[in-house]
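One chain comes next, on its own, written as structure tokens: the form predicted on its own.
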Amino acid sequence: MTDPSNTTAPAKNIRVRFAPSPTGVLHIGGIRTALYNYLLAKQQGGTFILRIEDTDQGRYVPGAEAYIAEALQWCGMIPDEGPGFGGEYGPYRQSERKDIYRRYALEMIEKGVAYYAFDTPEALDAQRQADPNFKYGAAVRMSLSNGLTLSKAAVDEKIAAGEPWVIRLKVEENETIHIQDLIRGEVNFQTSELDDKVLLKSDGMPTYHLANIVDDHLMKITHVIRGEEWLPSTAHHVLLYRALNWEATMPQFAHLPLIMKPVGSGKLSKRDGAKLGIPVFPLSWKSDRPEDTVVGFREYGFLPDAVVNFLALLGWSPGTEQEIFSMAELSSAFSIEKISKSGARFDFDKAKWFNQQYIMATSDETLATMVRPIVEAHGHHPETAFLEAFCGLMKERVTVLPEFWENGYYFFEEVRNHDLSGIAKKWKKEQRPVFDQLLKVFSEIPTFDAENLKAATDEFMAQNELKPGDVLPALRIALAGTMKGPAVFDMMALLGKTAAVARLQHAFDHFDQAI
């Protein structure tokens, strides 16, 4: 295990970290936090670090760390350092750095800015029952069982006897802690309102507070960009930097606004996703417990670039009318100062709009590779050229990838239901011979492409004194079952002469019987 505390780095080298806990599925808000860190690093030619904060072993979920790494890579945010990515400041899992944390905790005890505490859970529960506002701090610490009320010999004896202990930070009274947040401006805390946070437990595991500060210092983190829920913890973190004489190299803090529910106020949660049937996680996650199984943006049918674009603008504004950004454009335009202080509403319709724009801008060839698994899951294995042409016809008519099948299944199998309301007033059995003549025209076209089909149909309508409304709706509903979809002659050309004529013949028979 290495301790890189003596490693030097360029003074202006931007180093940021995304530090999730592997305690479950990574929320989409976590991906946005990672994105803002990533954009700042790339803009400044800095370093984006993945650090796994797995000190809470009781909540550790197998597979969660791999999920985090896969989600970052799907979104195009490849860490420069981290577990599985290399780097000279490792280990990057906190569970593998226990010796480092213990050393700094003991150093703080020697300085008198931290102390051992031996209070049992039962004793602390009794304190809380007696005083609902109980806080382990300056007002009560001298009446409890700790290194400030016991002699050094008594402390050593308890430790040698194997009694459980924790190390707590000693917070002085009546001080004001000033923080200049890059998003929120000046934030002040009164130390009299703070408790003596636990830093290290007798099993050697640090709490979030100690591990976070030690790692940020040793990994030379220059900017801490995280959710606003961590803002109250920052006061203790500043005190820890002071206690370890690291205040001069303390990173700059930026606390991001919440992502709010689609409807109403409050933080976006997993429950909102389940209730509304929308993804609030980057990737799907399967669990033995149905309530913990979720659908991700990827499996819902989103392109990663669309998700990144959507999330970037969920709390940050470039100050222009531009909405579509590549990752390179985002990193160029990004600035922490343009992040809003207020929460951003999770507008799923807007997310789908972004996805639609990216689908339309994607080549037919690329889309075909994405759509093929969806089509093959329904038992069809089309030729590549056919699938590419299909994607070209449908990509302006879908918002998520599964809609290629949902809205265009009729290119691969027979129409399930015909929407007869679209032609009910116009279809007359006595006109059937006219449509049979049109079928004969279609059957005799030597080159069965959209251009020739349109020209032949236009000529046929002119000769028979028909209007487009007399013919095209019937053709469209016969081919697709609906008035929606690509241009009629494009559909016919892709289906091919044999399939198109047969489908029209079958549908016309159905119209005669049903209307």
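Quick note: we count residues from 1 along the sequence shown, nothing fancier. This is a predicted model, so every value here is computed, not measured. Here the rigid core means the biggest group of C-alpha atoms that line up within 1.5 Å when the two forms are laid on top of each other.
The form predicted together with the RNA is left out here; the points below concern that form.
Partner contact region in the predicted bound form: 345 to 353, out of 97 to 105, 345 to 353, 277 to 285, 382 to 390, criterion any non-hydrogen atom within 4.5 Å of the RNA. For the three residues P79, E247 and P290, a heavy atom within 4.5 Å of the RNA turns up in the predicted bound form in no case. Residue L231 is the only one of L231, L218, V295, I109 with a heavy atom lying within 4.5 Å of the RNA in the predicted bound form. Taking a 4.5 Å heavy atom cutoff to the RNA in the predicted bound form, the contact residue among V488, I49, I28, I68 is V488. Contact check for N133: a non-hydrogen atom falls within 4.5 Å of the RNA in the predicted bound form. Though the partner is left out of this view, P468 does reach within 4.5 Å of the RNA in the predicted bound form, counting heavy atoms only.
Among residues of the shown chain, Q437 is not one whose heavy atoms approach the RNA to within 4.5 Å in the predicted bound form. The closest non-hydrogen atom of L472 lies within 4.5 Å of the RNA in the predicted bound form. Of all the residues from 359 to 382, the single one having a non-hydrogen atom no more than 4.5 Å from the RNA in the predicted bound form is M360.
For P290, a C-alpha deviation below 2 angstroms is recorded between the shown form and the other one after rigid-core alignment. Superposed on the core, the two forms barely differ at M142: its CA moves less than 2 Å between the shown form and the other one. Core-superposed comparison between the shown form and the other one: the Cα of I78 travels less than 2 Å.
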